[in-house]
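The chain below stands alone, shown as structure tokens; this is the form predicted alone.
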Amino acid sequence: MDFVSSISGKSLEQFCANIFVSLGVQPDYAKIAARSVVEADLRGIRSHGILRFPIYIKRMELGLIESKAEPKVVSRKGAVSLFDGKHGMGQVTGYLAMQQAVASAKEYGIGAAGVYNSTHFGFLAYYSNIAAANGMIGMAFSNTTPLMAPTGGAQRVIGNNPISISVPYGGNGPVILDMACSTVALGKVQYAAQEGQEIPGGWGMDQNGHVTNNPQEVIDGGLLGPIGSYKGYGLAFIIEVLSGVLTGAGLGVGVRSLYQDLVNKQDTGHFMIALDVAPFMDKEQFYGRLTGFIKQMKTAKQVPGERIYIPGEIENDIFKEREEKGIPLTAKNIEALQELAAKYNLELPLA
């Protein structure tokens, strides 16, 4: 991948926030959404970072993302809350929902929040990490537009529904599992298409269910391959139950495409859980036990030339490096951002 320039995370975050504000988003919400976009690239998750920014702006311009939406708690019973996202930015509704789950967990030991009438909200670790920053285990789930077929099928009827779990840890940042139920996220296929690259055989299939190396065939009505075959499909199904069935959000084909449906609002659903460690044991005891478990992993016999990582460690390392050196950009990244800069009379502050 050829990077031609870089930009500091803070500069890019301000640039994105300024465009959101130009479209009518209140400043506090603009910062939340911009941080989500930029943090994805800071952590090396290019599929959910600045690559997605232009489509968020386009959908906002078309009124498919309500720039002035105020997410609202429509019901609350004990530790459980339900949010109406009002078709606003998913990043904002997701952030507020996890904050509410954390507040409930402080009172009850566990908190949960569901969301309906939402939109694509970027990478899930952004939300599960909110709980981890509060000394809690955070879990975030979301449904997506259909990108996979059920086992034995050849039609997009279920999303690659992602899951993220963040565990507080005093070492190199939290332990983070952040994954979709497909072998890779669609954004990685889109990135390969954008850069004119082939994709590995296990990433996707064409519209007839045949494995392909051509990313465009996956994008144009093809399928993402589920992780572990029927296991990935089964996990996606259960996440759909939590994020869609339980919350009242769109289900399966009822969740509209971020890129291909520029007429309808998405109606995405999310589900957040915050679990406080304290009711189980003293937090220092928990951290000590977790450190001991991590040591078992790190000191296991290694394959020659390989390194053992704990979940999220690679992204934590990338984050530290890019916080210092900036986010690398490709020529196509820069072209897309410069078009937006010209449109909204802003300067793109490249390094």
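The first residue of the sequence shown is number 1, and the count goes up from there. On a predicted model such as this, the values are computed, not experimentally measured, just so you know.
This protein has a second form, the form predicted together with another copy of the chain, left out of what is shown; the following refers to that one.
Peer 1: Does the 4.5 Å heavy atom contact test between Ile318 and another copy of the chain in the model of the complex come out positive?
Peer 2: Ile318: no contact with another copy of the chain in the model of the complex.
Peer 1: Can you tell me if Thr247 lies within 4.5 angstroms of another copy of the chain in the model of the complex, counting non-hydrogen atoms only?
Peer 2: Judged by the heavy-atom cut-off of 4.5 Å, Thr247 is in contact with another copy of the chain in the model of the complex.
Peer 1: Under a 4.5 Å heavy atom criterion, is Tyr191 part of the interface with another copy of the chain in the model of the complex?
Peer 2: It does not: once another copy of the chain is placed as it appears in the model of the complex, Tyr191 has no heavy atom within 4.5 Å of it.
Peer 1: Does any heavy atom of Ile308 come within 4.5 Å of a heavy atom of another copy of the chain in the model of the complex?
Peer 2: Looking in the model of the complex, residue contacts with another copy of the chain include Ile308, since a heavy atom lies within 4.5 Å.
Peer 1: Of 86-94, 118-126, 231-239, 211-219, which is the one stretch near another copy of the chain in the model of the complex, taking non-hydrogen atoms within 4.5 angstroms as near?
Peer 2: Of the stretches listed, the one contacting the partner is 231-239.
Peer 1: Within 4.5 Å of another copy of the chain in the model of the complex - does that hold for a heavy atom of every one of Ser11, Gly49 and Ala132?
Peer 2: No, the whole trio is out of contact, none within 4.5 Å by any heavy atom.
Peer 1: Along 134-156, which positions have a non-hydrogen atom within 4.5 Å of another copy of the chain in the model of the complex?
Peer 2: Contacts from 134-156: Ile137, Met139, Pro150, Thr151, Gly152, Gly153, Ala154, Gln155.
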